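Encoded as structure tokens, the following chain is the form predicted on its own, with no partner shown.
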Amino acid sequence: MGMTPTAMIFDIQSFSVHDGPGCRTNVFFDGCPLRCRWCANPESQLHRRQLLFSERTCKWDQGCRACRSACSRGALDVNDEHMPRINRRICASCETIECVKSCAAEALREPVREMSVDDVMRVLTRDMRDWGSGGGVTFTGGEPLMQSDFLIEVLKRCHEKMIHTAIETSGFTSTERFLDVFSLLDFAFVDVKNMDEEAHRWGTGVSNEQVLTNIAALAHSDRWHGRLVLRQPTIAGYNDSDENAEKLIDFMNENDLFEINLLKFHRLGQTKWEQLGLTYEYADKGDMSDERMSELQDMYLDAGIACYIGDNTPF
């Protein structure tokens, strides 16, 4: 008998109403093969332990030095503003992150935890009574397909309990594994960041070829019986052109796909970039006007494709 798989999870959120039908529990998987320049969850990109630091809640200016005493590697010191200065190179190789437990103010936080299938199922079983008849679980991230062995085991357990299953994914994995996972899903959002291969690689670090291949394979697979909605995080200057929309419309028509969700760019993840000690490239660009979002929506509607803006996807 093989060992029961575990997964690195960076968050679990109950009472979500925008990530699938009904009231849902969202399970956020750590790790992602993409490096989207605008990512809202940058703590999920690196599949390893990480350290978040919130200057707003830190008590260093009040004389607290608990974290520096707890760090045996000397990664914490003080800067000119009398706030902790973190040597991220040292932290990157740390496997214990003792400083987090020492911080009573919770200014230092480790976002990722290891969970077993049983751990996740205990949370879902607890939440089931709050979902109502139309709810369920949505697996998101990060990229849940990066930990697909674990995901498949959880999906099988969900089906045993008649739990509705959904996923939010970049679709970037092998076609075989993509279809294996989707055969156990009821609903899916799959992102198409950009139809141009070079632009997709610039924005995400990877080609769009595998993503489009997987979507096409799913559309023609007899193993898929769920509902598929393509999704585009719509970013000014990156993928908001008429040309990109026309290419995506052609792709959808070629594969008999008829639903897309256009998400308006937001900066909700900016503080996480800062807490990781990273520079957020989209701090002052990428904004979409409501007018332009409506223009893009009209292009899809005129082509006979149902197009939803933001949280307006009907479930």
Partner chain sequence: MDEKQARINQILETRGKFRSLDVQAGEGYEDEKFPEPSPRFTKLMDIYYVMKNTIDMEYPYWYNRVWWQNDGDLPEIRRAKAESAALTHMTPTIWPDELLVMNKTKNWRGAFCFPWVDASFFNAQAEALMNEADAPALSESDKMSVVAAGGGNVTKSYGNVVSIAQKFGLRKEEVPVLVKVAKYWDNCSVEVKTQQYSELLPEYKKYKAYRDSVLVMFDSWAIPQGREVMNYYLPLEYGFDRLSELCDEKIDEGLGKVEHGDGLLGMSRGYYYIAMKEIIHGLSQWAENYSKKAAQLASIEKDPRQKSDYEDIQIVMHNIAHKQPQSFREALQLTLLLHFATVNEDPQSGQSIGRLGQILDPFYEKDLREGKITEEEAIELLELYRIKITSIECFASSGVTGGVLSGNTFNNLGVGGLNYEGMSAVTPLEYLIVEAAGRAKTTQPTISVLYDEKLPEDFLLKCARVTKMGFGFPAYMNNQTGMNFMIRHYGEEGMGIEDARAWMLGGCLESSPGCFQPLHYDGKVTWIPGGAGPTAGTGVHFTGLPKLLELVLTNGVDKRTGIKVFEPHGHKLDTFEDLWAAWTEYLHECIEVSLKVNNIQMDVWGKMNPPVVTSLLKPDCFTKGQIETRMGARYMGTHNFESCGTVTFINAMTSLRKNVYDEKKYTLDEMVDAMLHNFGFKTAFETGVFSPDHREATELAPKYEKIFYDCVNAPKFGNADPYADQQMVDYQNHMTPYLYSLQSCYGTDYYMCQISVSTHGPQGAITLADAGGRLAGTTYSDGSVSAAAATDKNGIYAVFESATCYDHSRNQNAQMNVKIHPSAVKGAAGTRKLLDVIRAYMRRGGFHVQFNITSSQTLKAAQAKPEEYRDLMVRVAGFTQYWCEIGKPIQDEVIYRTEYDH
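Note that this is a predicted model, so its numbers are computed, not measured. Numbering follows the first chain given and starts at 1.
Beyond what is shown, the protein has a form predicted together with the partner chain; the following relates to that form.
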- [ ] Classify residue 127 as contacting or not contacting the partner chain in the model of the complex by the rule of any non-hydrogen atom within 4.5 angstroms, answering yes or no.
- [x] yes
Open item on the list: At 4.5 Å between heavy atoms, is residue 90 in contact with the partner chain in the model of the complex?
Closed with: no
Open item on the list: Check residue 105 for me: does it contact the partner chain in the model of the complex (non-hydrogen atoms, 4.5 angstroms)?
Closed with: yes
Open item on the list: Does any part of residue 267 reach within 4.5 Å of the partner chain in the model of the complex? Heavy atoms only, please.
Closed with: no
Task: Segment assignment from 177 to 185, 235 to 243, 207 to 215, 220 to 228: heavy atom within 4.5 Å of the partner chain in the model of the complex - done: 220 to 228
TODO: Heavy atom within 4.5 Å of the partner chain in the model of the complex: which of 248, 262, 27, 257 fits that? Just give me the one.
DONE: 257
Task: Contact assignment for the partner chain in the model of the complex, among 172, 189, 131, 150, heavy atom within 4.5 Å - done: 131
- [ ] Kindly indicate whether 72, 193 and 288 are, all three, within 4.5 angstroms of the partner chain in the model of the complex, using heavy atoms.
- [x] no
Task: Residues in 54 to 69 with any heavy atom within 4.5 Å of the partner chain in the model of the complex - done: 59, 62, 63, 64, 65, 66, 68
